[in-house]
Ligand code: URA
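Take a look at this single chain in structure tokens; it is the form predicted on its own.
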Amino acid sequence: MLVTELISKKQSGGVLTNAGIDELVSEFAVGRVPDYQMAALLMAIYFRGLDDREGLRFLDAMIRSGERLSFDSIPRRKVDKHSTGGIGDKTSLIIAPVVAEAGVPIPMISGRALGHTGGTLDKLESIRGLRVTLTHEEFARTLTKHYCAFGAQTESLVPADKRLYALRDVTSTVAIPPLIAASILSKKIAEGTNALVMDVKIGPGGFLTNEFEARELSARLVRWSAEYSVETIAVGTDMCEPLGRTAGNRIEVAECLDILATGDGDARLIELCAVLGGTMLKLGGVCSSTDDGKNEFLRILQSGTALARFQSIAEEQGADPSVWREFESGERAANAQEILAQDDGFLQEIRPRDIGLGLVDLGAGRCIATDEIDPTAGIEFFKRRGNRVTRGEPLARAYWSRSTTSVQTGLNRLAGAFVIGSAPAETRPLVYFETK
């Protein structure tokens, strides 16, 4: 196979054959296709696209690049949840322990930060000692014992996607809808899930900027997963502003721990968790409808029992039991700077993409694949979109611990993300649609 021929074909708008895709993916998975050639092909695909057959073949080839897990020994229906990515999107850390507390097993293979968006694995690894790279036996033991396990892709589980995911992150080729679908579903199918709830983000804080693109991706996810007997419900949700009161890694974990302990927190975040978690409870057979699932989700969350579930899962995966005292004490970062309102008026927008890029500059994400993340880098929001503000009033506080040349750039980006106007902000829906 000559990869240059595939690149040339896609550059000219041609379609890739099944055999070409199969060989490309299998050779890339074992390192026989160099990153620079795959990056060139990704860029051609970004501009020329993939048709439905090509995308589905990428999915199939990615699944076949590694092993598939099976948890048939756990009798209940296994259900997972995944997001296409957004700023402050920490829902998995709240939803998973609540749904597990209801008795639904969740084999959760998650991803890392991608582009300007955060990653569940990076958040989890900010908990001292917690390991997300687990053997099949460790993952199965945690899932069987606690009804939830948080894992990363291993060298044997969809290795082609693991390499492709990292390369898309650092080449600005994330926003290829068929590859977004293939990446998500390859992990979910390989992990042995029976049903999936997809949170498809709409707006500049994610990778799909409009509802049309989101509906297309949602339909593709539902259609493709059915080919593998995985029942999927996709929910289109707003990502035109950050989700929750924080964005970053460790700081988002702290927010989630507080919500799990009290059942209280940012209203939009909790509402979205209830919608997605309630749908999982319905798919898991615990509740007869999504509305009943939402009510049951909120009941469990407000009881506070899911906090112990989350801590038990984390400790099973290596978290030091003393780490929870560090979160309770509010330990954060070596440096902090407040972001002040520059005018009187209404906070009309908090531009999520600028927040995400600013946090990458502070160290919360990666500019190149080998970058080490600063787990303390993050931002805490004091004001929300629509609030009235006065000049000089603190809008947010940024945190970081490592001194790098990009810190000031990041602080400038964060400050520029807050848009103040004279008129109140228009309301936006949290949930746009559901596809099943």
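We call the rigid core whatever largest set of C-alpha positions still superposes within 1.5 Å between the two forms. For every residue, the number given is its place in the sequence shown, counted from 1. Quantities reported herein were computed from a predicted structural model and do not represent experimental measurements.
Absent from the display: the form predicted in complex with the named molecule. The rest refers to it.
- Heavy atoms within 4.5 Å of the named molecule in the predicted bound form belong, among the stretches 118 to 126, 319 to 327, 97 to 105, 173 to 181, to residues of 173 to 181.
- Looking at R245, you'd find every heavy atom of it more than 4.5 angstroms from the named molecule in the predicted bound form.
- Y165 belongs to the set of residues with a heavy atom inside 4.5 Å of the named molecule in the predicted bound form.
- At the 4.5 Å threshold, heavy atoms of H82 reach the named molecule in the predicted bound form.
- Using a 4.5 Å cutoff between non-hydrogen atoms, K187 counts as a contact of the named molecule in the predicted bound form.
- In the core-superposed comparison between this form and the one not shown, L42 has its Cα shifted by at least 2 Å.
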